[in-house]
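Only one chain is given next, in structure tokens, and it is the form predicted on its own.
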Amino acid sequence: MSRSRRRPRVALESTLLYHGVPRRRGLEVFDRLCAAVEGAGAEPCLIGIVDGSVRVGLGRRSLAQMLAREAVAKVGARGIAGAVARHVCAATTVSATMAIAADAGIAVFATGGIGGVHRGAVASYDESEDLVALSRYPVAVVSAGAKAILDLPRTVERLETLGVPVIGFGTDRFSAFYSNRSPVAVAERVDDVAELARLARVRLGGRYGRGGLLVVTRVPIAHEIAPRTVERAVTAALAQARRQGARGAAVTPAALAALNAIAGGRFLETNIAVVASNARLAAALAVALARRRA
């Protein structure tokens, strides 16, 4: 992976590669994301924490060493200080990746789906730190909405409360991670990367409020899964995760693993296709932002 600083950078999260897909496929997915970003003219920049050192631009060899470890922590923005102080190896979630990317001057970040308000949060108050991070760090996050195991309407309401702009790129809906047929609309839609770059430049410039921007994309049609199929599988996966005793931050990886097992790999392939598609758009956005600055 090139280290040239002449190309705009796109942040990638290490949690996706360690906890989001089977570890045996982590390098394969990393290679695919790098190809997508580089093909659009940008530089992929994988973020993680290795033995207490925050790494901005993990290479393939370092990622392979991380994937070979049996116990790698999953940390959000609030956990960065603890991971550094304790000299541990940690994979960064959306919130931690945003915090580190913002500190490194990286304006665009590609992921699959953000965390959000969990189902049953009315009683549990379980909300992802990703939502607060989007209101705090000046980074444009390109995703296919929020993870399908979450409460999407409440997630969108929470983003609105936090003042986070949600822009649909080529869509009027807040994508449901595996499906474009979502019950939730987005407030604003754009269909052109240059227009998206103009919006991102104003938001990230900080003149009219601090924080990031959530860009919601369409799921590639060839990999889209029917909402009814998704809902049945999600219900079963969440029940299985609860039986295993998963709580808090452990719910998402446990539920995703159960989901992939239940669906025989179909959900995993859609997940990978979504992230690769988002990486291409994120790279195009980063290039457009850099072009305007130049």
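For clarity, every value in this text was computed on a predicted model and none was experimentally measured. One-based numbering along the sequence shown.
Only in words, not in the display: the form predicted in complex with pseudouridine-5'-monophosphate, which the text now covers.
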{"item": "4.5 Å heavy atom contact with pseudouridine-5'-monophosphate in the predicted complex for all of Arg9, Glu43 and Val142", "value": "no"}
{"item": "Interface stretch in the predicted complex with pseudouridine-5'-monophosphate - options 92 to 100, 159 to 167, 189 to 197, 206 to 214, non-hydrogen atom within 4.5 Å", "value": "92 to 100"}
{"item": "Contact assignment for pseudouridine-5'-monophosphate in the predicted complex, among Arg136, Arg218, Lys74, Arg154, heavy atom within 4.5 Å", "value": "Lys74"}
{"item": "Any non-hydrogen atom of Thr15 within 4.5 angstroms of pseudouridine-5'-monophosphate in the predicted complex", "value": "yes"}
{"item": "Exercise: Ala233 in contact with pseudouridine-5'-monophosphate in the predicted complex, heavy atom 4.5 Å", "value": "no"}
{"item": "Non-hydrogen atom contact Asn271 with pseudouridine-5'-monophosphate in the predicted complex at 4.5 angstroms", "value": "yes"}
{"item": "pseudouridine-5'-monophosphate contact at Leu256 in the predicted complex, heavy atom, 4.5 Å", "value": "yes"}
{"item": "Residues of 168 to 202 having any heavy atom within 4.5 Å of pseudouridine-5'-monophosphate in the predicted complex, listed in sequence order", "value": "Phe177"}
